[in-house]
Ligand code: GRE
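Presented below, as structure tokens, is a lone chain in the form predicted alone.
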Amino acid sequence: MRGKIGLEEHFAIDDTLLDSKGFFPEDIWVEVRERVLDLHGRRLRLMDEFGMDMMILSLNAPAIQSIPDAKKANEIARKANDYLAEAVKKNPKRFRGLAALPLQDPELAAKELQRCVKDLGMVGALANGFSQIGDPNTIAYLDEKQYWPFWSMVADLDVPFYLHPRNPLPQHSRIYEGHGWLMGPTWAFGQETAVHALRLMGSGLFDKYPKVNIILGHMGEGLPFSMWRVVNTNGWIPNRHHYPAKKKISEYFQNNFYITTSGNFHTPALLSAMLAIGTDRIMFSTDWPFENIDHAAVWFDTATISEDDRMKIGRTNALKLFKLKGS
């Protein structure tokens, strides 16, 4: 399929580059470093070769969310966003941007999001999970009440918010001790992000701001497969679940969430997601430079789905959600 749009596609600046190094063996880092710093060279050649019309770019992880000092986080976020805006300006037909935000301070984050959307032309935001605030061991999740004014800004601007993974802090990772291979994208990323997403669903956030749209990568971080059990556990017990939200968790998942295929190029997972959340809420992505564009594109172009669904997932859903003009 030609014309695909990917929206979990990353870059780095010098200040955040080493955040990605720890996820890869030393002998692989040279390759990853070249990939993540490149924007207009190899990246574009691969896009052309494998039918990607556009990438919506975002900063690598954990980046801004791992800078405890709010002032410093804001400084680096603005630097990354200015760099991204200039890169997009050089080739706006092929690139758009998602803002990096200093969520250590919700007011600063709201102001930066407004600047990025209104002044820099960005089409949404991406945050790497929880933020470390004040010191490395103090964290906050985005369902907490101090963030609700920030979500008001997201709703007012009417732009999507990508909730991207990060690893849990070491003191919260006892279950992975001795099994480091489970950290990162193998398992810990998905578990951490799925719980964060469920917190958002149960918090009542979407009752107050029903037009807020959250995007999850990696085919929904396991939630399409698990959603029935989340909602129906011990279904014989009246009022089994207690949370502030007014509706079933699955209703928020189906109405306020989108998912992408980033880093999960598996047709049974795609078919399960289509049944769970609907074809209109799934979008193609590769997770470049950490996954291969060819692996994503060749799989997607031959997946056993209808051509109408392939076009929706590969292109038109993203055009609609991000209010992009199609050629």
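Quick caveat, the model's predicted, so the values are computed rather than measured. Residue indices: 1-based, along the sequence shown.
The form predicted in complex with the ligand exists for this protein as well; it is not shown, and the discussion that follows is about that form.
Student: If the cut-off is 4.5 angstroms on heavy atoms, which of these, M52, I56, A61, M283, is the one near the ligand in the model of the complex?
Tutor: Of M52, I56, A61, M283, the residue with a heavy atom within 4.5 Å of the ligand in the model of the complex is A61.
Student: Considering non-hydrogen atoms and a 4.5 Å limit, which listed residue (F257, F189, Y147, F95) is close to the ligand in the model of the complex?
Tutor: None of the others qualify; the residue that does is F189.
Student: Can you tell me whether P136 touches the ligand? I mean in the model of the complex, with a 4.5 angstroms heavy atom cut-off.
Tutor: Outside the cut-off, so no.
Student: Any of the heavy atoms of P185 lying within 4.5 Å of the ligand in the model of the complex?
Tutor: Contact check for P185: yes, within 4.5 Å of the ligand in the model of the complex.
Student: Should F290 be counted as a contact of the ligand in the model of the complex, where contact means heavy atoms within 4.5 Å?
Tutor: F290: contacts the ligand in the model of the complex.
Student: Should H218 be classed as touching the ligand in the model of the complex when contacts are defined as heavy atoms within 4.5 Å?
Tutor: So H218 counts as contacting the ligand.
Student: Relative to the ligand in the model of the complex, which residues of 19 to 33 have a heavy atom no more than 4.5 Å away?
Tutor: The stretch touches the partner through F23, F24.
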